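Here's a solo chain for you in structure tokens, the form predicted alone.
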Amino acid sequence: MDATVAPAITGGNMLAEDVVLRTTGLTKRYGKRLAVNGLNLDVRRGDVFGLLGPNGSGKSTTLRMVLGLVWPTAGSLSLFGGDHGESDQRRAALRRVGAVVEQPAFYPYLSGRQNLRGVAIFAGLDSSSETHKRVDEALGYVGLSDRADDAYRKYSLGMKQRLGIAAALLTQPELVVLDEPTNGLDPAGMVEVRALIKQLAQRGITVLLASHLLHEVQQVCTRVAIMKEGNLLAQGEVSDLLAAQIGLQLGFDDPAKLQQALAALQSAAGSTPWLRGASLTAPEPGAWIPPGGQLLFVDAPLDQAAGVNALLADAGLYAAELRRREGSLEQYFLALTGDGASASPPPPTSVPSPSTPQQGGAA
């Protein structure tokens, strides 16, 4: 697809117009049920911004408020600098947005190209050669040119999702909103959609997506907000959120040795400049589970594995396993919410403080 479909981003410092979406104290209640509670977000131009959290955390409700499908109970929302509460400004802003908020619905016996031409007319585009060209560009952009004349019913789930994204691109949006874009897809379909999201960002389109698949989203998002029960737990650059998790991980074949090693490293932290601390943590899913069910996380540079071994050897302790631990949004979330076994959850990089108390809710 040519450059007209995805406007380019210019460099420079972050200006007011570079904030595509801002919410302040955004709240939604359904009767007594608090779905979204005092949410403060900043989505910047060029972001692949992920709203992350388990089902019922308020992600989809937030997206629907952004798209004007659900009206907030309290708080404010600004899209492209306009006031979402003003109908004229809201309509103008939404014309710059494309969205796939549910499973795309197309006519099963029409081809992908025919379906998109119908969507284009419904979106207000005339049935002209220029519109037909735009449809063909969108099909090419999502990698469906070779299957454009096949019936929609013959598409795989991944292809159907890509056709939905192509439909969202027909109006040449600056912001694309995706709700659970890889939900229900097989691994091949997930790879296809993940690659497409990266391509959208490379073309200068800002992407706002919601997902409960933290590992999947970690591979595509530049910034994230983590939600649970309607509350914002953390917000920031993915690299910053994960920095506190990067270190060394040790396993012991005797729970008593694990506790002794923890005490030895915590004691050495005060006199060893590169050793920032040590704590207990849960093994990642699918990893070796040592006796006692816990591992030792050492907050130290990755190149200090030998130094950690030396400190433990001085205390007569030898690990059964020692390896690098890379950052994981899943582990970060579990530590942050207290659902994991980590003794010291990492501090969130940025948690805006809403004006209302953060209490439980659902979405």
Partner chain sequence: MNATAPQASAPASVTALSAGTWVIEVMRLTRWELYLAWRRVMTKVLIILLVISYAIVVGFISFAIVQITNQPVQSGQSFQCPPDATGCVTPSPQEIQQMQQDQAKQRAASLAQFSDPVTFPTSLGFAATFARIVGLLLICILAGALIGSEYGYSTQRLAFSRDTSRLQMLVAQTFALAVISMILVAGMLVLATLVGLTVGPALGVSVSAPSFGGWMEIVKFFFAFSFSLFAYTLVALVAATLGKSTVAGVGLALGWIVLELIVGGVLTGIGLILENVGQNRDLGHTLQHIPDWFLGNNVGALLGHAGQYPIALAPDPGPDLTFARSLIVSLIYCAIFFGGSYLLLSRRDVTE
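Positions refer to the first chain, counted from 1. All values derive from a computational prediction rather than experimental measurement. We call the rigid core whatever largest set of C-alpha positions still superposes within 1.5 Å between the two forms.
The protein also exists as the form predicted in complex with its partner chain; that form is not presented, and the subsequent description refers to it.
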task: Quick one: from 157, 148, 101, 280, grab the residue that has a heavy atom within 4.5 Å of its partner chain in the predicted complex.
output: 101
- request: Would you kindly say which of 226, 207, 168, 138 lies with a heavy atom within 4.5 Å of its partner chain in the predicted complex?
  value: 168
Segment that reaches its partner chain in the predicted complex - one of 77-85, 232-240, 245-253, 287-295, heavy atoms within 4.5 Å: 77-85
4.5 angstroms heavy atom contact with its partner chain in the predicted complex for residue 320: no
query: Does the 4.5 Å heavy atom contact test between residue 202 and its partner chain in the predicted complex come out positive?
result: yes
- prompt: Quick one: is residue 124 in contact with its partner chain in the predicted complex, heavy atoms, 4.5 Å cut-off?
  reply: yes
- prompt: Closest heavy atom of residue 194 to its partner chain in the predicted complex, within 4.5 Å or not?
  reply: no
- request: Answer yes if the CA of residue 151 moves 2 Å or more between the shown form and the other one after aligning the rigid core, and no otherwise.
  value: yes
message: Does residue 207 shift between the shown form and the other one by 2 angstroms or more at the C-alpha, the core having been superposed?
response: no
- prompt: 2 Å or more on the CA of residue 131 between the shown form and the other one, with the rigid core superposed, yes or no?
  reply: yes
- prompt: Are residue 154 and residue 189 closer or farther apart at the Cα level in the predicted complex than shown, by 3 Å or more?
  reply: farther
- line: Output row for the residue 122-residue 69 CA distance, |change| of 3 angstroms or more in the predicted complex, reads closer
